[in-house]
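Next up is one chain by itself, shown in structure tokens, the form predicted on its own.
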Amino acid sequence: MTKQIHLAAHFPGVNNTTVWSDPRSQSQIAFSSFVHLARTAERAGFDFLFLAEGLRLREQGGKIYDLDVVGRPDTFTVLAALAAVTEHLGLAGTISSTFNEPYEVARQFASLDHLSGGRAAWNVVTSWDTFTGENFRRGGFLPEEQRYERAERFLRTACELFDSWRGDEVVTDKETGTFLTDPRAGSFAHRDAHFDISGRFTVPRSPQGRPVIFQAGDSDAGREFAASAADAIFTRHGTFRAGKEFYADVKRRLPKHGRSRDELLVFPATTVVLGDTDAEAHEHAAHIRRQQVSGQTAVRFLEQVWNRDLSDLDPDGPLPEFDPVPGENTIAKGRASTRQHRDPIAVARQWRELAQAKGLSVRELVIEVTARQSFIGTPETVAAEMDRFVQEDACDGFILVPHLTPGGLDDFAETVVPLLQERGVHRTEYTGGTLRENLGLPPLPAPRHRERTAS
């Protein structure tokens, strides 16, 4: 059976893949930018728009890391505003389970699901660093091994709040003067090691019952969390081989949680570069990478591994001969990527060997080691390759990350999407009323009972 390709648009915002200096690039925070990307995605039949989140401005060497684009508006405010200017597009927001409370987050997502007519999605993440925690009363209050435990309890508690309404309590019968059929609607009580709350949930059951749940994480704990509770997983495993291995692994975990393989969709992040010929597209892609990784950016990236000031380093020269400073990374603050280099001395050795073998300068090495999965070629080449990934179970769809804001998906929507539609693997119109329906996810069971007890 031919699988349908699900597509999502990532608003790049705070990200060093964004080429903010390009003449075509516009504001990263103006509402008009969000509207442009959302409407482009909706015209092309995308499933949803995806917002990442940053809870503190990154710093390097004690200064704001302005080589990333600085500034990111509040997720719920942006998605609620987009709900008013779109009709079908799903609205996915990243919200941390570490520095929020279940009641507030559940209330915001239930409200967004009502306002959008059933298009809300929640990417559940665990914020990990004390640096980010300084912005919050709780600070860095949980060790790493407990963050997924809190996330699992957080999501479970939020779902209890979503299910505290059956959905048939509000009748607003003006003849009899009856507004509610059940005076206990919205009542809940939850107690565990992380949360002890009870009361009434203020938002009646929303069109989807709850938002579609996303999880982003590659650790074993993250994969297990996704297999147990998420509807979709956001992954960086974008190459065909790595994608197939990841896809098989997370799908294999589902049965022990009583779930079928259709209940969890896999979305890698990817970029697309188009050209009139494949050769032209590859030349264009190389130019974009040089824009994304300036000499200054390359040196700053190397500092995050070497954990020391390298401002005197020539980006067109060789890598440092001295080793990184071991221990906790202190020069870069708020960057999750620093956790990927837990043994910086080994990383430095590997990179020196790679640079020597290929004759790479600092900048050329950074371009190579930070490359993302990309589809590069003519629209025909890209459409065929994306279709292969989905049909051969490397993924169920893609979250496209454009390098330009807000017009970075315009060409893809106008040239690649029609080819996917001709292949019969992408919708020509929306058929579902909610994001869950458009993603082909099974309907949620009705709440089994409304009264909640301590768990």
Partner chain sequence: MAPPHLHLAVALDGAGWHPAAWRRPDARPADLFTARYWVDLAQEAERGLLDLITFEDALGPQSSRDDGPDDRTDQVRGRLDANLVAARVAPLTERVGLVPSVVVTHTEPFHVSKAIATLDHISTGRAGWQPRVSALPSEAAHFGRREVQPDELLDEAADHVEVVRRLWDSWEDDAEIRDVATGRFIDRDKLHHVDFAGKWFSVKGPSITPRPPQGQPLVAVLATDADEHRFAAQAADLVFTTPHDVEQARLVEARIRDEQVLAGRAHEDVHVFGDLVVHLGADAASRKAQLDELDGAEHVPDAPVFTGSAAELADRLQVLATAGLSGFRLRPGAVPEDLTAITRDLVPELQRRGLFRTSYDTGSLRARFGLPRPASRYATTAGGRP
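All values derive from a computational prediction rather than experimental measurement. Numbering follows the first chain given and starts at 1.
What comes next is about the form predicted together with the partner chain, which is not displayed.
Checking Gln296, Thr277, Ser260, Ser219 for any heavy atom within 4.5 Å of the partner chain in the predicted bound form turns up a single hit: Gln296. A heavy atom within 4.5 Å of the partner chain in the predicted bound form is found for one listed residue only; from Glu134, Glu353, Glu283, Glu144, this is Glu134. Taking non-hydrogen atoms only, Gly45 never approaches the partner chain to within 4.5 angstroms in the predicted bound form. Not displayed here, the partner chain is approached by Phe76 to within 4.5 Å at the level of heavy atoms in the predicted bound form. Looking at Thr17, you'd find every heavy atom of it more than 4.5 angstroms from the partner chain in the predicted bound form.
The partner chain in the predicted bound form comes within 4.5 Å of no heavy atom belonging to Lys251. With the partner chain left out of view, the stretch that reaches within 4.5 Å of it through heavy atoms in the predicted bound form is, among 367-375, 178-186, 267-275, 237-245, 178-186. Each of Ser21, Ser27 and Lys63 is positioned with at least one heavy atom within 4.5 Å of the partner chain in the predicted bound form. For the stretch 63-85, the set of residues having any non-hydrogen atom within 4.5 angstroms of the partner chain in the predicted bound form comprises Lys63, Ile64, Tyr65, Asp66, Leu67, Asp68, Val69, Val70, Gly71, Arg72, Pro73, Asp74, Phe76, Thr77, Val78, Ala80, Ala81, Ala83, Ala84, Val85, in sequence order.
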